[in-house]
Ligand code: 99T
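A lone chain, given as structure tokens: the form predicted alone.
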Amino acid sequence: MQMYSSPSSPFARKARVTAHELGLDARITLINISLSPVNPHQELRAHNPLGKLPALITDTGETLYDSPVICEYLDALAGGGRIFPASGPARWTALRRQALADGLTDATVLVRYETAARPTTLQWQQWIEGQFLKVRTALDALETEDLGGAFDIGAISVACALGYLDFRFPEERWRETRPRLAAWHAALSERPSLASSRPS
């Protein structure tokens, strides 16, 4: 298999962490590319018309995107039910946490694009603040969660979202007001799948 990825992409990291946890990482060749909204990558677009990371080319030549689909495919490939709980409340909790973490990450990525790619004179501060409101309310919601237990797709998504926030916006200092979430993240950070995929 091949996967279009980037060392700094939080969604590609989620797929890499999942592959590592499932013992499938050695079967995936990473194609690392640079990507931005104003610098489309034509080779990637030939596989994913949205031009977004990650995109996985399976052994049969089919391309899958985006990270939730890729991660569930990898889980199924490894036998199923390991990263995605098969059924019941645990499944819905994991999927809800994945959605919350992905939304947090989407907002963070949008702020990054606004502040790094858009000329300063065209940046919209109220829009930036609106995205950060999403980030902060998502963090507040995660602070109330009991994230202990299985390292499933929900936990993987949250860990990658927090890692990207630290990478791009360390000045946010989210740990100061969310001690439970901070302790959970610190305890997981040296897990091999996370330690080996820190954004750079």
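Each residue number is its position in the shown sequence, starting from 1. It should be emphasised that the depicted structure is a prediction, and the values quoted were computed from it without experimental measurement.
What follows is about the form predicted together with the ligand, which we do not show.
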Residue (of S36, Q42, T144, T29) lying close to the ligand in the predicted bound form, criterion heavy atoms within 4.5 Å: S36
One stretch from 133-141, 155-163, 170-178, 64-72 that, in the predicted bound form, holds residues within 4.5 Å of the ligand by heavy atom: 64-72
Interface membership of Q2, the ligand in the predicted bound form, 4.5 Å heavy atom rule: no
Residue contact check: K52 to the ligand in the predicted bound form, 4.5 Å heavy atom: yes
Contact flag, R112 vs the ligand in the predicted bound form, heavy atom cut 4.5 Å: yes
Residue contact check: T18 to the ligand in the predicted bound form, 4.5 Å heavy atom: no
Sequence-ordered list of residues in 1-20 near the ligand in the predicted bound form, where near means a heavy atom within 4.5 Å: S8, S9, P10, F11
